[in-house]
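Form predicted alone, single chain, as structure tokens, below.
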């Protein structure tokens, strides 16, 4: 008989959380610490959503995707997780760019970017200062009419090289484009410019293991291989979920699933008013990604002069369509040295490229496998420019595509970065439509990436806490989100 992954589950909880991305995990932990009964349901065999890992023979451990986040992650993890997690966040100091326009290394913070823009790109200092101040002053309530492209044209007219320096890393970080609202760029960019790019020492496997231990200590009921088929509502109020064919009641439900699949698949359009449904239908999904995972033989080393992150491209200019094109010209390489996992003797490289789901979805099985092999081969060939002897050092290599992300995360069309900016308003409006129904996930670009996901989890946990305690007459127990 197959294992019952819901064995011992209660029939009713204060909160059911669907999905264990960083927003779902943080909401679960925050609400459990506040004293609420929490059931977290994950369809996969592993927690973490996009922030996860996988193992291969010979002891190789790969982190999924590109993991770099702003210094604010330290404050959020200390406040909503543990000191041990916060103290394991370390800075990546060598960020490299190499393309036909320029080649440079930076610590990726405001001071160094200011120096580069003035000295290397010959931009007047007052214009650089004005740009950084404008970006830092942006917030969600600003005018959303100005696009990121218009922002750059205002401060750096005709400077394709400057646009590339300022835009390319953010596009890789959260899917931003020149056509998106300027505030979706400015807020995320300013977060990075505070102190630079950070990562988690010890790998995603250690991070999620520590998070799991903390949640269990706080009483979260964690269930893997538990796929939710339906969110139930009655008379405009959430009542529970059906998971693995079993119905479980809840006073509140938080979906950490894709926003559109939450609305149209798990709940159903009939439960919402017409205007909201029309608004939700217009929400655009963000793009997807491909990755190539390369493990070197035990003991083989890559010179650290390659940097921690390498944004490389053969494209003559920065264009969103070029970044997404199946004929890849731009890649981001994440170099994992032994220091990434203290005590390890392994070097790994993960190549990330933005991608269109449509370029992969309709291939036949032979075409799909051939395309993956081509992705691997062209990625290694491009890497040889920076690690000339990499081929003889490789122990294992494999690739993932938008179809891979769709399969493992259930994201519609494998959308790596959730939805475009307009998704945030729809996500926040869910409880106005159905009392007790919330969403916390990768939406609106601002709430994408590790820091955005953690903080969005806290924001939604605060909303749920207020709802639950209002009905009981108690004061809210959850802290406000860290700034």
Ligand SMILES: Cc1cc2nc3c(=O)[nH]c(=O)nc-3n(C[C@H](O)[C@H](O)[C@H](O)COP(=O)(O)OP(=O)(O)OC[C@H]3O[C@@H](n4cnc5c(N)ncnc54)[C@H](O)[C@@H]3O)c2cc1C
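Residue numbers count along the first chain shown, from 1. Here the structure is a predicted model, which means the values were calculated and not measured.
This protein has a second form, the form predicted together with the ligand, left out of what is shown; the following refers to that one.
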Legend entry - Proximity of residue 49 to the ligand in the predicted complex, heavy atoms at 4.5 Å: yes
Inset, instruction - Considering only heavy atoms, tell me if residue 155 and the ligand come within 4.5 Å of each other in the predicted complex. - result: no
Inset, instruction - Considering only heavy atoms, tell me if residue 408 and the ligand come within 4.5 Å of each other in the predicted complex. - result: yes
Legend entry - the ligand contact at residue 448 in the predicted complex, heavy atom, 4.5 Å: yes
Legend entry - Contact test, all of 175, 402 and 420, partner the ligand in the predicted complex, heavy atom 4.5 Å: no
Legend entry - in the predicted complex, segment of 223-231, 320-328, 391-399, 369-377 with a heavy atom within 4.5 Å of the ligand: 223-231
Legend entry - in the predicted complex, the residue from 171, 291, 204, 340 that sits within 4.5 Å of the ligand by heavy atoms: 291
Legend entry - Residue among 426, 64, 434, 39 with a heavy atom within 4.5 Å of the ligand in the predicted complex: 64
Legend entry - Contacts with the ligand in the predicted complex, stretch 2-41 (heavy atom within 4.5 Å): 18, 19, 20, 21, 22, 23, 24, 41
